[in-house]
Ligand SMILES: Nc1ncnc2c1ncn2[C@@H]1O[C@H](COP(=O)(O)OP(=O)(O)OP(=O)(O)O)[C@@H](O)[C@H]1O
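Below you'll find only one chain, the form predicted on its own, shown as structure tokens.
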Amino acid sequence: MPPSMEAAGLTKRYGSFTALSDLNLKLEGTKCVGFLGPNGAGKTTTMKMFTGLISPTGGKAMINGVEIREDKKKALGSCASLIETPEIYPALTAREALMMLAELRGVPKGERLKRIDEALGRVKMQEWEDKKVGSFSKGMKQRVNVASTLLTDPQVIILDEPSTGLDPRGMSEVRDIVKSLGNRLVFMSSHLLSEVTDVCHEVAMIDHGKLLVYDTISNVTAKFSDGGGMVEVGFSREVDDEPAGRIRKMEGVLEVRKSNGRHLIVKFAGGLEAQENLFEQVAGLGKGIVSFKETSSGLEEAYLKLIKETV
């Protein structure tokens, strides 16, 4: 049975203020879903209800088909999370901190050392496992935090802006770790559209506590950014006008422009199927193409259009 998260009419009110309004959202399968919205949109509120940190005013939050309030232990037994910015006791080593968490989370005593070693290996922190957390950079601390979510081998991982406040290297490290979690359902909020484009398969956007859209990034970009998706094509050497001209003539291509000497931004009509067709055409050029990936420009255009329409 694939992992799943589902919000059914999920609502949270604080007096007269509605933080989340009748959210209906079902995520299913092993993938990473980006959760987008401006400050105060209801992202962290949603995640806190999925982890049982706060209770909804109405509706249900379910993990793997189990409603959180009805059976919190069973629902969260297959889930791990990082909400906001957790802190680790600075006097503990990375291993000691994870050992404490493994015990608190009920990891069998005979399996704790193995689980800790595996988790530290996944986040590339073995070299510092016996160093005190107080001496770590913010990025290293966050890698230990991410390692803590892996101790119970969860099917579902909820991450609330995991790279916030990190320097570029720390952000890159956290993104690489999230990418490596491909056999799980990862639900990740972020303010960084480039991060979501790089890491996630699908995206859900909310504003003023209401769901605006949930779909693949390609389909959202195609539908809301003037009818076209965007990809960045990278070349092994400086690109001249010849390949750009050939790409402009390809089926579905709307616009081609240089982003720098070795990269072209290609805007095309359609969603995922159109992107697949474009990839096949571009790959057949034989012009030293080394990368083909979605760009955050299209997602940014779609995001700004959707958010603006709700203001």
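The numbering used is simple: start at 1 and walk along the sequence shown. The structure displayed is predicted, hence computed values, not measured ones.
There is another form of this protein, the form predicted in complex with the ligand, and it is not shown here; the text below is about that form.
Here is the short version: of Gly65, Pro38, Gly29, Gly58, the single residue with a heavy atom within 4.5 Å of the ligand in the model of the complex is Pro38. A single residue from the set Asp215, Glu232, Glu161, Glu129 has any heavy atom within 4.5 angstroms of the ligand in the model of the complex; that residue is Glu161. Among residues of the shown chain, His191 is one whose heavy atoms approach the ligand to within 4.5 Å in the model of the complex. Using a 4.5 Å cutoff between non-hydrogen atoms, Gly42 counts as a contact of the ligand in the model of the complex. When contacts are judged by a 4.5 Å heavy atom cut-off, Ile289 does not count as touching the ligand in the model of the complex. Contact annotation for Ala19: at least one heavy atom lies within 4.5 Å of the ligand in the model of the complex. Stretch-level contact analysis of 262-270, 244-252, 44-52, 281-289 against the ligand in the model of the complex, using heavy atoms and a 4.5 Å limit, identifies 44-52.
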